[in-house]
Ligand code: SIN
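The chain below stands alone and is given in structure tokens; this is the form predicted alone.
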Amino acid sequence: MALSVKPLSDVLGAEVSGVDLSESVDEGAFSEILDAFHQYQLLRFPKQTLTPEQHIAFSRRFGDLEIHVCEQYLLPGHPEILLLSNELKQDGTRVSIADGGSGWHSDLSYMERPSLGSLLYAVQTPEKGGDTEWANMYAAYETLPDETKKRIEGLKAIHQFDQRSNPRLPPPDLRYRDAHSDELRALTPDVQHPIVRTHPVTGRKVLFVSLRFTIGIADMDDKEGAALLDELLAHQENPELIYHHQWKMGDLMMWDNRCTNHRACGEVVQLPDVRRLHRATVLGDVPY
């Protein structure tokens, strides 16, 4: 069966069929996948059956993999895989972050080198809830008023991992995640990235801010910066920029963190219903 690429929506995303990612993908097919990744920003590979080793092997085709700073949430024996699950261990403690990704974000934008892309595999899907949305951040930039585009050109935003530092979000719910330790905060100091970044492959401009990780605008009066950031964050929530996905068992969703934001949406899945996803994250470069 030949590889096939079909759009998921008018705004972003495509479904890739005719490829079994548990096997080695030949160079011709991989080149098609890479082209589709850059064109559509988000790819769905349905009906996959992947071991962690196979997931990691395919992900590595796109670059070096990131080891997440929250070591307690890594898959035992496979630190390249971040667990996202509402499951509990035998001692009653959480396996991972049960409400992970509930605010709009681009993975690892709080790092000096944010992620190039993420590959999230559905090991177990719930009967209800646990959907994910993605926003096209090319389109978010392109649909800004010209006056706003001029205003933000050359400005940098401040990104921070610890949710307690974000004035737009409530404190983290400790039923579903751990509070950040002083050691973790030391590993993830504030970083500054251009509000308008340029995609290194396509050359297109991207609005690179998010509700979850962007906490302010550098070198700007706090009140003025907060108002501008509020405007940019509200703009990206336009439904015309967003694709909504309901997970199916065996879905592998791969997205470009350089030009999309995403979020988990709906209520946190409650036991005995289980949502278990495995994420591999490809290391990116310094935004410019």
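The first residue of the shown sequence is 1; numbering continues from there. Computed from a predicted structure; not experimentally measured.
As for the form predicted together with the named molecule, it is not shown, yet the points below apply to it.
S.K.: Considering the named molecule in the predicted bound form, which of 216, 194, 100, 126 comes within 4.5 Å of it through any heavy atom?
M.R.: Filtering the options by heavy-atom distance leaves 100.
S.K.: I need to confirm a contact call. Of 163, 96, 115, 132, which residue comes within 4.5 Å of the named molecule in the predicted bound form, counting heavy atoms only?
M.R.: The residue from 163, 96, 115, 132 that makes the contact is 132.
S.K.: What stretch, of 201-209, 184-192, 143-151, 102-110, brings heavy atoms to within 4.5 Å of the named molecule in the predicted bound form?
M.R.: Contact criterion met by 102-110 only.
S.K.: Checking a candidate spot here: are 58, 67 and 283 all in contact with the named molecule in the predicted bound form (at least one heavy atom each within 4.5 Å)?
M.R.: No, the candidate spot makes no contact with the named molecule.
S.K.: Is residue 120 close to the named molecule in the predicted bound form, meaning a heavy atom pair under 4.5 Å apart or at it?
M.R.: Contact check for residue 120: yes, within 4.5 Å of the named molecule in the predicted bound form.
S.K.: With a 4.5 Å heavy atom cut-off, would you call residue 258 a contact of the named molecule in the predicted bound form?
M.R.: No, residue 258 stays farther than 4.5 Å from the named molecule in the predicted bound form.
S.K.: Considering only heavy atoms, tell me if residue 84 and the named molecule come within 4.5 Å of each other in the predicted bound form.
M.R.: Contact check for residue 84: yes, within 4.5 Å of the named molecule in the predicted bound form.
S.K.: Is there a heavy atom of residue 264 lying 4.5 Å or less from a heavy atom of the named molecule in the predicted bound form?
M.R.: Judged by the heavy-atom cut-off of 4.5 Å, residue 264 is in contact with the named molecule in the predicted bound form.
S.K.: So which residues in 261-288, when you check the named molecule in the predicted bound form, have a heavy atom no farther than 4.5 Å from it?
M.R.: Heavy-atom contacts within 4.5 Å come from 262, 264, 275, 277, 279.
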